[in-house]
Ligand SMILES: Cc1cc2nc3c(=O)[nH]c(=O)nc-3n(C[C@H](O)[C@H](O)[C@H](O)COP(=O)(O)OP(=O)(O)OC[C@H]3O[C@@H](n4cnc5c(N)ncnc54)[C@H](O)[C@@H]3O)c2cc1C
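Below you will find one chain, with nothing else, as structure tokens; this is the form predicted on its own, and questions on how it binds or moves follow later.
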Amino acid sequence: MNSSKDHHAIGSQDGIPNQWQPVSSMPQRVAVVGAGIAGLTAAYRLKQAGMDVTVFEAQPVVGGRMGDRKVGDIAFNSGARLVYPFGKSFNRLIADLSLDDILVPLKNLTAQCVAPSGSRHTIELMPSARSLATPGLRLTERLAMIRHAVQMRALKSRVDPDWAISALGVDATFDQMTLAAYTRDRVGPNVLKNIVEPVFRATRSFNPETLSALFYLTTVPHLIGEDTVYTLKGGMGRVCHALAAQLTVRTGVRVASIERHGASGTANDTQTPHSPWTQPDMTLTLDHGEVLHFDHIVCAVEGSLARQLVKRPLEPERAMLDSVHYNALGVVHYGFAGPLPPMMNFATRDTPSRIATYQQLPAAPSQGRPLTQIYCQLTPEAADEARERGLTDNLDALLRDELRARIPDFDAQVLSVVNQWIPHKLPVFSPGYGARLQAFWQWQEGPARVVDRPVVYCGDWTAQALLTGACASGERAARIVLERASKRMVQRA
């Protein structure tokens, strides 16, 4: 039997926006599966509205890919490393939790991009006029970048950076066009090679030919003219821990299956009292065999995992879940004996290296980093190689020779090594994915769902491949549950 740890707290209802005011004095029971930022946001909003909510998380800690880990003296993130300033749902959450002081600004963040010749140029992680100085660009491409920046800025009011499919309202053909083709067509091949490609490979472990243009077209309009991104004081997991403290969360409890029992359902377990509003027709089975009944279930796990958990999905659910795919991310963290200056390098795609991002982090004991650390993120091709060669638990073996060539006495200076393999890092918004996702949301939010009440889904794969997108999807999922609950209460009255 899995162990569990429950957190109980009663949150204040003061200052709750109208949409989260309690819908009834007799709450319906909701299960949220997954305690990442999407699931915790959904649970928090539902509890604000008076629902009886329990969150289930298979891992011993909350946060998912928005958390912190420590192995020995090496501290690192479980996934997300930065927060963009444009997340409206996330910013609302920060304000509601009175966590405004945790945002730590990072201004004018840059990296040195290394070419095969060894030459370097500065890459601006937030688009600015300085990007025009990137070497290797033709004059026509520099002029195209200026025109493109003006066009992108004009889209700001029309696209939602936390909702990739909002770009479909601008031009649905962007969903069918790869980011590589879009960049070559709009600004030029050298912009793709020297700016866009290194950034996507180094920060997101994606090659631009695998993605549609939707992510780019919804985020860049909100980044032009901005110079600040954020990290979180106390670690990236602090928001998730603050949410969990307001909720009933069962950690270390693995869900084996989620099942909806309609008119032809077979659920007959009576261990859990029925809701006063509806007969429970959704069951959640835990790994150790316990069966629980709920009025609503929110599935907030990775899409690839949801496909395994949800039994007898309806056809729209099955079609959507079958189209969800993730990339993988491999990182090796080294604890280093000697001091090293701060440094972050990206590699161009034609550089003969398995390292897409190389970063030196000086020791910072006050921030929980007692050793100098070296962060080495694998290229997408090296991640594929690690998987094919069965080296996902020993990524260091792929990088050690290259690092020996970079740093004298590397072996003697290395005190510890942590291999981090994230098999499902980010959802792949491949060409055509946006149209499928738009149709799925129309189905999930449709009025007929009040009657057949399937699982409600949220997560980055349903919104945007960012933590702020995952947060926005959790808020939207909560609204769906509340709408279904309100309409069913009216029908029962």
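As the structure is a computational prediction, the values presented were derived from the model and not from experiment. In this text, residue numbers run from 1 along the sequence as written.
The following text describes the form predicted together with the named molecule, which does not appear among the structures shown.
**Q.** Selected contact from Leu371, Ala111, Leu309, Ala167, since only one has a non-hydrogen atom within 4.5 angstroms of the named molecule in the predicted bound form
**A.** Checking each option against the named molecule in the predicted bound form, the one that comes within 4.5 Å is Leu309.
Q: Note which of Val239, Ile195, Val253, Leu179 lies within 4.5 Å of the named molecule in the predicted bound form, where distance is taken over heavy atoms; exactly one does.
A: Only one option qualifies, and that one is Val253.
Q.
Looking at heavy atoms inside 4.5 Å, which stretch does the named molecule contact in the predicted bound form, given the options 206-214, 399-407, 353-361, 76-84?
A. After filtering at 4.5 Å, what remains is 76-84.
Q) Just to confirm, Gln59 within 4.5 Å of the named molecule in the predicted bound form by heavy atoms? A) It does: once the named molecule is placed as it appears in the predicted bound form, Gln59 has a heavy atom within 4.5 Å of it.
Q) Quick one: does Ala42 come within 4.5 Å of the named molecule in the predicted bound form, counting heavy atoms only? A) Contact check for Ala42: no, nothing within 4.5 Å of the named molecule in the predicted bound form.
Q) Applying a 4.5 Å heavy atom distance criterion, does Asp295 contact the named molecule in the predicted bound form? A) Judged by the heavy-atom cut-off of 4.5 Å, Asp295 is well away from the named molecule in the predicted bound form.
Q. Contact between Ala472 and the named molecule in the predicted bound form at 4.5 Å, heavy atoms?
A. Ala472 lies outside the contact set for the named molecule.
**Q.** Full three-residue contact with the named molecule in the predicted bound form, heavy atom 4.5 Å, for Val30, His261 and Met282
**A.** None of them does, since no heavy atom lies within 4.5 Å of the partner.
Q: Within 4.5 Å of the named molecule in the predicted bound form, which residues of 282-296 have a heavy atom? Give them in sequence order, or say none.
A: Heavy-atom contacts to the named molecule in the predicted bound form: nothing from 282-296.
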